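First, one chain by itself: the form predicted on its own, in structure tokens.
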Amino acid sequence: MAVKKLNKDKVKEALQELTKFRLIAPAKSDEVVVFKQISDPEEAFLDYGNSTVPPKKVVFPQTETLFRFQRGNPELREKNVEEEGTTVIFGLRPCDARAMSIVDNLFSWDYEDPYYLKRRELTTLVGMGCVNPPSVNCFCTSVGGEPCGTENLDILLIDLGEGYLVRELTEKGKKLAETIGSFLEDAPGGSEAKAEELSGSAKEAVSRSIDTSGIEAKLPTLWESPLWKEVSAACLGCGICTYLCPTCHCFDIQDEVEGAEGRRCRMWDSCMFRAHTLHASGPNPRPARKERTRNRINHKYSYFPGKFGVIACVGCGRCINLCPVNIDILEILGKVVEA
């Protein structure tokens, strides 16, 4: 695929061209960076470390109506994702793009989820390489990622200072690059070498790490270990670690009725909530924080790898940075290794 350059003075014009699609980009909202649909390129905020809420919400909305129904009418009014149109997520980090490929496994496993998979089909991912790791708690290199990785991206942008090196990675990326082709130019000599140098430096700058080899097999042997009570003692059960994780995908489905009409909706849920596993008959297999913490770590580092061959964590560091009581998943994994 071709390699081009997008000068920074052309970025807003290129984004304006992309507003013909459903354009999602990082933007500031009350000093917090979030991914949202923009119509004005001035809203885009590309000089950021990482967003608070991952862009997974674009393909897996926090709340969505699956269909509507009406008393006395057997016809269901199903949601048509096609109406949302072609979507471009511009400027997401490689870890968040990689997270979507991990979640793809779940939604295309024993049952193909039509809502999620259609959105994925309609979405083009334009990544922004992390030439400077976005967080002191980033550990992407420990779980198979890289600060400037290309997995699951259609285009990768690497900041060279005066402009971005534009790497077309897929046919989707090639088509999108053609859309903004008038704002691109051939990358000058030495650009690729500079990008590789920046990528290598960024990889070396990732300061935290954990050796994950053997963790998948070891976790089941620690089922009754006292470490789960120890590491979960401070947990508030707020669910931030799961809601803001780009690979967490728990959801609940509810029917809401008002008068003669209603809807079936799907919304994010969290395995860190007591009610998540509460049976209608009363029992709860995960009644306390230690069982819920044990499940969260086992799911990411044992169950999911055992089923799909990949760790359900991309090392973005959000769960560490945003936990209100400073629970650190790397410290938990360190205790697992030592146990």
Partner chain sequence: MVDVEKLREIAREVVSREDVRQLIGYRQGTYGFRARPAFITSPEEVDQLIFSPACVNNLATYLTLEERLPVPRGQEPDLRKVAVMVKGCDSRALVQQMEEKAYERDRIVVLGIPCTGVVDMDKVEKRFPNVLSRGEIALEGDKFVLSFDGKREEVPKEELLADKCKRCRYPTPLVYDQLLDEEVSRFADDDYADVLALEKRSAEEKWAYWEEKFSRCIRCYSCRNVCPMCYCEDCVLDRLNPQWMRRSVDISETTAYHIARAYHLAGRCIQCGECQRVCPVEIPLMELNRKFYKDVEELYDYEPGTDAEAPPLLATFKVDDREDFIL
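These numbers come from a predicted model, not from an experiment. Positions refer to the first chain, counted from 1.
What follows is about the form predicted in complex with the partner chain, which we do not show.
Although the partner is absent from this view, Tyr243 contacts the partner chain in the predicted bound form, with a non-hydrogen atom inside 4.5 angstroms. The partner chain in the predicted bound form is not approached by Lys56, whose heavy atoms all lie more than 4.5 angstroms from it. Shown alone here, Cys235 lies within 4.5 Å of the partner chain in the predicted bound form, counting heavy atoms only. When contacts are judged by a 4.5 Å heavy atom cut-off, Val11 does not count as touching the partner chain in the predicted bound form.
Of the residues given (Glu171, Asp186, Glu256, Asp211), Glu256 alone sits with a heavy atom within 4.5 Å of the partner chain in the predicted bound form.
Exactly one of the stretches 174 to 182, 101 to 109, 148 to 156, 243 to 251 approaches the partner chain in the predicted bound form with heavy atoms within 4.5 Å, and it is 243 to 251. Residues of 64 to 78 that come within 4.5 Å of the partner chain in the predicted bound form, judged by any heavy atom, do not exist; none qualify.
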